[in-house]
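A single chain, nothing else alongside it, follows as structure tokens in the form predicted on its own.
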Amino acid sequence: MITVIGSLKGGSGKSTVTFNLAVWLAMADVKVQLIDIDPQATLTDVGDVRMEEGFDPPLKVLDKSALTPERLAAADETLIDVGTSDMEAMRRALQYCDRVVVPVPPSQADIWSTQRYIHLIASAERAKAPTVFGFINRGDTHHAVRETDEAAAALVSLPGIKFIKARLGQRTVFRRSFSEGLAVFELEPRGKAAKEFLSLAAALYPYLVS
């Protein structure tokens, strides 16, 4: 399966999500490949950190030259981290992918951006549009803050996207995960972030946990 992790706004946490999913899939003995077509190349950077530190399993990150039918068919699961700075590469990834996963931070601006992104995905030149999934990322962790729940309700109501109930909170361990080259469930196996992430992974890859 080919999965694009993307959005039209920076700071949505897509590279962090992509990295953690890749480590989880590799640990499940799935043949996974990573493709970074975001010019910021943060996914490539964290892959390099993990390789330099010698963490197992290692993750090799490919660039946009891997966006070919032959290369994409070389793995059981392919994760593509896309950015808006290279729209040509983004459109190519959308032509090949089976689905798009959109991390949505809890703000009205991000809901509007997600709505525009759904329209962009639907405009991709292909016979069948990919399935689009969305979930709340970087949600507020304080129960008194209502913005995250309001954003989730707005995301549910958007046409053209399937809402995933699992959400990731705004937690410092996700930043540590990226800087240290370790997934959150490697850094803090019993932590809240690990529990949240594993719920998301199970929702996206039910065949691995059923």
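Since the model is a prediction, treat every value here as computed from it, not as a measurement. All residue numbers are counted from 1 along the displayed sequence.
Although not depicted, the form predicted together with a small molecule is the subject of the following passage.
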query	finding
Candidate spot 26, 50 and 181, all three touching the small molecule in the predicted bound form (heavy atom, 4.5 Å)	no
Segment that reaches the small molecule in the predicted bound form - one of 60 to 68, 26 to 34, 146 to 154, 161 to 169, heavy atoms within 4.5 Å	161 to 169
Contact label in the predicted bound form: residue 137 to the small molecule, heavy atom within 4.5 Å	yes
4.5 Å heavy atom contact, residue 191 to the small molecule in the predicted bound form	no
